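Read the single chain below, which is given as structure tokens and is the form predicted alone.
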Amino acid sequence: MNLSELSINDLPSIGTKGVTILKQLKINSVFDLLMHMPYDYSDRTEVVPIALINVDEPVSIEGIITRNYTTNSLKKEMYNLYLEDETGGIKIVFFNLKAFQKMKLQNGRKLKVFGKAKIFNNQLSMTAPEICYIEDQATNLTPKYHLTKNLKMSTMRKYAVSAVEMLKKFPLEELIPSNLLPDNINLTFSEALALVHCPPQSTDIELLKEFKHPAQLRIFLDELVAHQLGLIKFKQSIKQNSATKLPKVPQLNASFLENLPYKPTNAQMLAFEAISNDLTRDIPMNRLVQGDVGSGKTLVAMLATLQAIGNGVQVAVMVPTEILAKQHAISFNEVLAKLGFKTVCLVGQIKAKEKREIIKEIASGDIDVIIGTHAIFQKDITYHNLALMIIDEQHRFGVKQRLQLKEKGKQNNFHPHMLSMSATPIPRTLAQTLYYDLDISIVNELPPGRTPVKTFLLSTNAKQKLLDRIAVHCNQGHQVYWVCCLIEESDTLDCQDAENALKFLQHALPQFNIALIHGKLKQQEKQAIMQNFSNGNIDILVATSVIEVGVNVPNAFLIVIENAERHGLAQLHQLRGRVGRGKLESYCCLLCNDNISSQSKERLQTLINSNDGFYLAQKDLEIRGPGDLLGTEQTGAMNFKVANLLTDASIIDQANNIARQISDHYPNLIHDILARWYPEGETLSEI
């Protein structure tokens, strides 16, 4: 019997109401129920004598009910009882119990509860503890599950135990060959699932709490292997598609490079050489260029564009913001117009008449390069012969969006070549999981003339000295970014918010134009503010990390990052990349309180000592996990059932290696592995 296909309707302990509730948690099969893994555990196996209870510590106690009575307070009915063992007694209070529940709590009954004790009115008491009804909880550690409306924890545990009993009768097939599993994982898949839901008392509870127990790792590993196999299969399927061959155009390249005011770096030319070779083939290129901040990825994109339009086809360049699209359009047009090619910027704010004319020219083939936001792939836009798509800031777009763009560009069964670019360096292991469907090129050299940004740590007590230096530079026409963690003041987080930072700076430096930008503003408002800053109309821009990906402002010489210890190294490096984009000597000020931990100081010192984004990304992965590199939205978009890129980085490499071994030596297993984790046949864009 296949538990992936067995509906939860078939579990004996679940009625119609239970089925409806579980479906709210996307639990439809017994396998789904087993995949709804505990998020925490408590040890309720040791019963503590009432006389030895420590106040405010969770404990299990057991005794005989000696007295009970009902009282009412604030529209709540309180059911009070006294529980006694051989060492003493305690008052227990429950709220709004139903009649059948009270029947189980009568005098003389033995009762076991779990909760925290308090001293109230000089009496030891416990309010609303959990009653331990399930028999096997006497010998097993107790799991905690995420719930939904009308689902109690005790009921969820009962459902999980029922699923484990079904698992024992019908163990899941072992799909990963045992010789491929790591030495520290010696459990079968079914044994691992049974243990995480019903862990014996001898299980190391701390490993379970940290999600590092071999049973948990085995389950996470299985899903990560399935995910990686899906990407391998997807990559193989891409190779079956056809694309337009785009031969090299050495004369155009030479003309382009001769007009450059500087010589490209070796890294830029190596990346372009790989792209150029891809474009000459009749299968779609699917390449990612990862370049550190300021490494010159745009030049690589221009060279790729030249090879395409030099063969008479169209190129579409997609970027995340309108202001970035306009900036790219200016840069591309300055170069391409001299060579006889037409570039257009297509964004949402264009007037209707102008937009209609642009759409008409795109369809006729009169426009060679189209640059814009997602607007360039709206339904009313038809390309004449689109053969290359370039996606800037790739980490802002998921796998599903990449596929949608490919489909939009497909014509007569020919798929466009796709070049993605990202300024977020991703360590190799993580890149294999996120971007295995892409070939990867690295641009890790700074172009000549780009001076590394000088980074320094400053106490918040020394703000006045910083303000004095800012005033000197702003009087010379230079500009400043001032970054805060929060938009508005928080009662729970002790850090500077952007709104109060704006007021502080306006009071301290009233002679300058100071503005605020953050994620809650409307898109048009953000565009206008960034445009004003880019044009030099704003001296100091107070912002949240919304400016992490932004426009080129060569006049910005300083970025101040308040509460820098609250950011990861990768994000700090991205923010630092907002300055140092011109000839000005530029600085990054990490503003912190004096009481930050020695570990935070050491971490920030790593940033001060290095301008290598790939090194910093690797350190971030080791310290904080990949969530800081990618943002939770990107990592969450993977739709994993149990695995989590934020916590399971240690086994990602193992999963990738196992998947490659299965693909190479056990290809007959791939279908069953994917079917287990993706039973509805989800497309790989949703994996």
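The shown structure was predicted, so the numbers you read here are calculated from the model rather than taken from an experiment. Counting begins at 1, following the sequence as shown.
Unshown form predicted in complex with adenosine-5'-diphosphate (ADP); subsequent notes refer to it.
Segments offered: 191-199, 142-150, 256-264, 527-535. Contacting adenosine-5'-diphosphate (ADP) in the predicted complex at heavy atom distances within 4.5 Å is 256-264.
Heavy atoms of Q496 never reach within 4.5 Å of adenosine-5'-diphosphate (ADP) in the predicted complex, leaving it off the interface. adenosine-5'-diphosphate (ADP) is not drawn, but in the predicted complex it has a heavy atom within 4.5 Å of D292.
Although the partner is absent here, K112 sits far enough away that none of its heavy atoms falls within 4.5 Å of adenosine-5'-diphosphate (ADP) in the predicted complex.
G568 falls outside the set of residues with a heavy atom inside 4.5 Å of adenosine-5'-diphosphate (ADP) in the predicted complex. Put simply, of N333, N552, T127, S610 only one has a heavy atom within 4.5 Å of adenosine-5'-diphosphate (ADP) in the predicted complex, and it is N552.
Contact with adenosine-5'-diphosphate (ADP) in the predicted complex, judged by any heavy atom within 4.5 Å, is made by just one of R218, R603, K297, R576: K297.
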